[in-house]
Structure formats: C-alpha cells, structure tokens
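A single chain, nothing else alongside it, follows as structure tokens in the form predicted on its own.
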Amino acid sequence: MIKEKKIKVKSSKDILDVALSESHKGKYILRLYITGATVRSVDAIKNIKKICEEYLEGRYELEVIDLYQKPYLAKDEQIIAAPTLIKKLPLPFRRIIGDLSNKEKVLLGLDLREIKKK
C-alpha cells in the first residue's frame, strides 16, 4: 500500500509551487547570480559546481546568470548582493549569499545536511 503525503494548499501560488515540486521530484533547480568575472564570482561558480557534483550528481540543473549582462533579473529576483545562489526546487525556496566557500552553510541551505543539535 502506498501512502500519499497530504499537503495543505492555501492559494493558487501554493498549487503551482506544489505542482512544480512534484514534477521535479528529487531534482534541484539552482540559479547562481554573479557580477562578471570577479574573484568572488569565479569562486562561487567553482564552489557550487564542486558541491553539486559531490552531493547531487545527475540530480541538478544549475543556471549561472551574470547580472552585468542581464541587470533586469536582479530586480525580478530581488537580488541585493552577488554572488547569490537561489534554490528554486525542491521547496522550500532558499537564498544563499556569498562565494559559497562555507560548505556546511551551503549544504544546510540546500537541505542536504541536518542541523546539529547541541
């Protein structure tokens, strides 16, 4: 017997989010916003690619967006600092700011690590 997970839906946006999440089950949709070829941008790309290959091999889509080339996207996604990684799916939506060198912080942000209880 298969158990179904019940999800409370409050609005049409919630319906869309749930539908997207279910259609990409197990797959991570990530967007990394950078500003040109700065040291921090290059480090962020290198760091997230390394983490994705180690923890999400074959289960992720990573889109790198240069805000110098597409500045209008900063407003659309409410980007106030770069580099910024956005986890679109699976839900919940997450935003991680910085060069992504703190591996534990990134893994927690991607829900790939449990929070250690003291």
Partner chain sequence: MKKVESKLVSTNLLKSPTGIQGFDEITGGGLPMGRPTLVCGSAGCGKTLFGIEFLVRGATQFNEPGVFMSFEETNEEITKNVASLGFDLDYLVKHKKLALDHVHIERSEIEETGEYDLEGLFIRLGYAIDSIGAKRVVLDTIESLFAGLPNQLILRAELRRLFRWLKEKGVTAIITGERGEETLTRQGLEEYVSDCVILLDHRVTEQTSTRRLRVVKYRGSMHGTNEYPFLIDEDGFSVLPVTSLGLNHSVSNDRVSSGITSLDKMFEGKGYYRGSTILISGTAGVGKTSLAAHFSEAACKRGERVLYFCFEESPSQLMRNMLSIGIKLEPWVNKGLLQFQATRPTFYGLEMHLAKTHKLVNDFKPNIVILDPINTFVIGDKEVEVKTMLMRLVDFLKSNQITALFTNLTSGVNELEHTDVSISSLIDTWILLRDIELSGERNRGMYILKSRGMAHSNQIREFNLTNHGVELSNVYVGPSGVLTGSARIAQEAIENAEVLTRKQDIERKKREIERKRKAVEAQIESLQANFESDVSEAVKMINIERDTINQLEQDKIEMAESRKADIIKKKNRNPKK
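Numbering follows the first chain given and starts at 1. Treat the numbers as computed from the prediction; the structure is a model and nothing was measured.
What follows is about the form predicted in complex with its partner chain, which we do not show.
Check your understanding: Taking the shortest heavy atom distance, is V42 within 4.5 Å of its partner chain in the model of the complex?
Key -> Answer no; every heavy atom of V42 is more than 4.5 Å from its partner chain in the model of the complex.
**Study point:** Heavy atom of Y68 within 4.5 Å of its partner chain in the model of the complex
**Key:** Taking the distances in the model of the complex, the answer for Y68 is yes, it comes within 4.5 Å of its partner chain.
Review point. Can you check whether A37 is within 4.5 Å of its partner chain in the model of the complex, heavy atom basis?
Key: No, no contact at 4.5 Å.
Point to revise | Close approach of A81 to its partner chain in the model of the complex, 4.5 Å, heavy atom | key: The answer is yes: A81 has a heavy atom within 4.5 Å of its partner chain.
**Study point:** Contacts with its partner chain in the model of the complex - residues in 81-97 whose heavy atoms fall within 4.5 Å
**Key:** Sequence-ordered list: A81, A82, P83, F93, R94, R95, I96, I97.
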